[in-house]
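Here we start with a single chain on its own, the form predicted alone, put down as structure tokens.
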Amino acid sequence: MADKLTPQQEMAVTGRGGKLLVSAAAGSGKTKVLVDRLLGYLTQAHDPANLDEFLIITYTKAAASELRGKIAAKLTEEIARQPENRHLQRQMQRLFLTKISTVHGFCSDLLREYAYKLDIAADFRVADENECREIRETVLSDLLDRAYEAAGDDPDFRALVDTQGVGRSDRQVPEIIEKVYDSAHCHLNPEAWLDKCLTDADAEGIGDAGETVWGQYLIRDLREYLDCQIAVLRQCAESADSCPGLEKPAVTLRDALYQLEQLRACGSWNDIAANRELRFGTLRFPTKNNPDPELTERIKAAWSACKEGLKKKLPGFSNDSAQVLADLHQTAAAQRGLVALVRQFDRDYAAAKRSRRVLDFGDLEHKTLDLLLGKSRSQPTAAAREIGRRYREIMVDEYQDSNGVQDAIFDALTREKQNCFMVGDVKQSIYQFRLADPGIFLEKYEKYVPAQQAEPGQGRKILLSHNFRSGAEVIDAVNDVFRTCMRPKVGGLTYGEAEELREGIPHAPLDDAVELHVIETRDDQYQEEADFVAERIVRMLREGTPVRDGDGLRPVRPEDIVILLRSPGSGGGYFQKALE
């Protein structure tokens, strides 16, 4: 990328005075910004910093090692420019004292240092996934054996087993226990979260199923879907009205539109249940002399999609409110049984780890929170203030992949000095399956003000939107897709002008740089797709399709081409065979 900083990068490098969130799009130079910001602190005229005054959190050990290398390279470059600067020379030694690690590596070091405050062994080990799996399976097996032995006196446990329909097998129960346990431990206070789950399950005193947590969600989800379909069908009806020859389809569309609007106006669960039986007519288009075949196909596609969506949404309202509340009352016992098992598993699992003198990754986070916020999770402790004062700034990379517990750790350490620098991109959040919560990033993104408008101590944000990797053709295509698809409900934010990518460095223009091919497969999807891709590659090589090389263009070579698959294991063989 270009060595000269963009105005936005410059603000991210030099901005001070409060917590700073940098939303850095792909290829926008976030690592350069982070390293340059560090060097800015080291070289400032007044009170130049030392490297080990910073805590830098990365997502993986490999990323930490790579970042340390980039900092070393930048330091070397700066020392070459200022060979007489003894302060910079000392930073090369301090680089190896600087805490650049994953959040778990940082937590592990803190817990060893403060083990005496937490009543844990300072020589604990961090168990790997295989050891944790072994301990969990043993604990779960023993837990369920005891639960079955006492099942006669535990109606809640019997209700849990019955609702899961496991019959002669309890295979699903331990899976559910683990999922709930892991979800609970992504919250600051797992016990409080479990209590809330029980409260939400209690339908006592509720008169309408729509007032329950689940009822509110289902009704809100249905209304959002209806709003979308009403708008689509209205547009279809208006288009059919304005096309002579499509009057009959227009009447059918208007009738369906009226039914959807009536359903949308329902205010209670019972109203929706009573009006959920929709009677759509049949769309009939002229078989001969169709005035607009393209419009006809668009209307048919919208009509079919609407009906298919309603088939999925409306069965949830099959029963009236009284029946739903009665069912919820029965499942409340099962939820009590589940929560009781989760809590007992928590105690048994903790005891098993303690006997081996090991902690897992969740323990590292929660015991660090015990140290920094206390058991009440209310205010930073004296230890948190002591540790926080060690650092001039705490920098968090890939912030979009943090969870609530990790974010609370960062907040506890920086609440006093408001000295947290967070960089990430919610569009690149790919670890929700590991319980990362991109909503934390989005909350700050919405709450923080633009950096140039921020008051001292106020949270501020900066958007890095210049992409230095791709040409204008790719950037325009990406913007088109994101503008079309990204909404608060899909992707977490509205992809507006501020979020759009911009070309960071001018590239040699390419014709037809982005292609979208939609093919209809008949027999073997993988084979037909592979044959199509292989044929396209052969044509590109034969025709010498131009690709960028430095500042110019040259004909494409085989080593320039990459095939990305969702699952190479299932489809890779077809593509390899087709290319041969």
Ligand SMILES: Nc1ncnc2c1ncn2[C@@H]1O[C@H](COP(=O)(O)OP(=O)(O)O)[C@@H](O)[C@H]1O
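So that there is no doubt, residue numbering starts at 1 and follows the sequence shown. Quantities reported herein were computed from a predicted structural model and do not represent experimental measurements.
In what follows, reference is made to the form predicted together with this ligand, a form of this protein that is not presented.
Distance criterion of 4.5 Å from any heavy atom to this ligand in the predicted bound form singles out Phe468 from the list Tyr448, Phe285, Tyr495, Phe468. Only one of Ala26, Val514, Ile519, Val538 lies close to this ligand in the predicted bound form, with a heavy atom inside 4.5 Å, and it is Ala26. Of the stretches 527-535, 45-53, 30-38, 545-553, only 30-38 has residues with a heavy atom within 4.5 Å of this ligand in the predicted bound form. The closest non-hydrogen atom of Asp3 lies within 4.5 Å of this ligand in the predicted bound form. Contact between Lys61 and this ligand in the predicted bound form is not found at the 4.5 Å heavy atom cutoff.
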